[in-house]
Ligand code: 13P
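So this first bit is one chain, no partners, the form predicted on its own, shown in structure tokens.
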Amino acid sequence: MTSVQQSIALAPQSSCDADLAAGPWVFDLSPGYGPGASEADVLPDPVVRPGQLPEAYQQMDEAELHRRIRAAKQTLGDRLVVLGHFYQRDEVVQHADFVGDSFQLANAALTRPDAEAIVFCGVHFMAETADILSRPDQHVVLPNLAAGCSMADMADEDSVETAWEELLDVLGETEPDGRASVVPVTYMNSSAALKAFCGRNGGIVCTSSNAATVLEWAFQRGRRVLFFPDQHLGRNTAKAMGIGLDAMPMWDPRRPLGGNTEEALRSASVILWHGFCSVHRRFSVAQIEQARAQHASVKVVVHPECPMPVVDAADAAGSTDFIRKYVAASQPGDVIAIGTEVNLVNRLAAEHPDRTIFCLDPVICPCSTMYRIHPGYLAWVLDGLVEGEVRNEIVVDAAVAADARVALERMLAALPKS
């Protein structure tokens, strides 16, 4: 099956941005999240960009890059583990020892105790989580330091601290029944600093798999939840639990009290941060309607980071792992339209050739930041390890890691609902 990278190069007019066909090193020093990113993405301030990939690796052909990667992996053996996120391009995933979502991969690294280096082919917050959960003597490497996450950047530590202070000024710290007035919940797709914030303030981390369990945990301890950074996962999860939309005000960090009245905050059950995933925000009800018009028997499954009307119009919604299991449980001849990142959708289609599987969005638009990982960067960091040099190491401050680990351990105990 033609990879996403090949499709973009062969027919760039079908892509949300033809510049995706270029090497990501072209954009490493430019502001923004790169080709394909949503125009609505809010850039962090200040924008920090690392140096570029050495020119020699920019100029190598794909065959040589893959040869170098394989040779380095063979040389390093058990001293190395390479992790590849589900949304990575095929050209990178083929070299991964484990493929999964961010938390699955962080846990997978723990199964390789002899590994001196953990190379995380994902984005920055994922590598941070791996570093928090890894041993002190292990090195976590992110092949391209420009591989960030626009959603994670929509909730920075200063903005969340400010929001927290404003909320406590209005709500106080505790309720008459002794519960907390508000409990912070951060999605896995957030910085180590925000995971640490939750650890310090009685909060917890969630994944898209266990979000409902985590919200139940939070409501046992508090009257309200401050959920960040993804409004859509928070809204879809809370709505499925029976919480009304009028009890889910949005918090806009650019406005006093998040743009809310004190009464609205007092009446709230879940306060949603104004953040979103650029990839999942692209999916629409119109795309679902078109899929149903073209395929009478189609089943539509989407990720809960999609907007609420899309989730409501779909046949099923769930995490990346849920989507994979949904496809695996289908029957030969079934038609399935999927609302999530196109690299994963194409891979599922290749794994199940006896079914018709396609992405709801007809325009090829991979995650622009995940796409920053390229075989050139992987070859460069692996060559460095062979030479005894750790390049692009991710190190979380010890105090931050300690608080973040508290919130992550709470998440580990919150098992997903079956």
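So that there is no doubt, residue numbering starts at 1 and follows the sequence shown. Since the structure is predicted, the reported quantities are computational estimates derived from the model, not experimental observations.
Another form, the form predicted together with the ligand, is not on view; read the next lines as being about it.
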{"property": "Candidate from 236, 191, 208, 346 lying within 4.5 Å of the ligand in the predicted bound form - any heavy atom", "result": "208"}
{"property": "In the predicted bound form, the residue from 273, 125, 197, 283 that sits within 4.5 Å of the ligand by heavy atoms", "result": "125"}
{"property": "Partner proximity in the predicted bound form: residue 101 to the ligand, non-hydrogen atom cutoff 4.5 Å", "result": "yes"}
{"property": "Exercise: residue 87 in contact with the ligand in the predicted bound form, heavy atom 4.5 Å", "result": "yes"}
{"property": "4.5 Å heavy atom contact, residue 319 to the ligand in the predicted bound form", "result": "yes"}
{"property": "Any non-hydrogen atom of residue 224 within 4.5 angstroms of the ligand in the predicted bound form", "result": "no"}
{"property": "Residue stretch of 101-109, 76-84, 177-185, 159-167 approaching the ligand in the predicted bound form, non-hydrogen atom distance within 4.5 Å", "result": "101-109"}
{"property": "Partner contacts in the predicted bound form for 232-263 (non-hydrogen atom within 4.5 angstroms of the ligand)", "result": "none"}
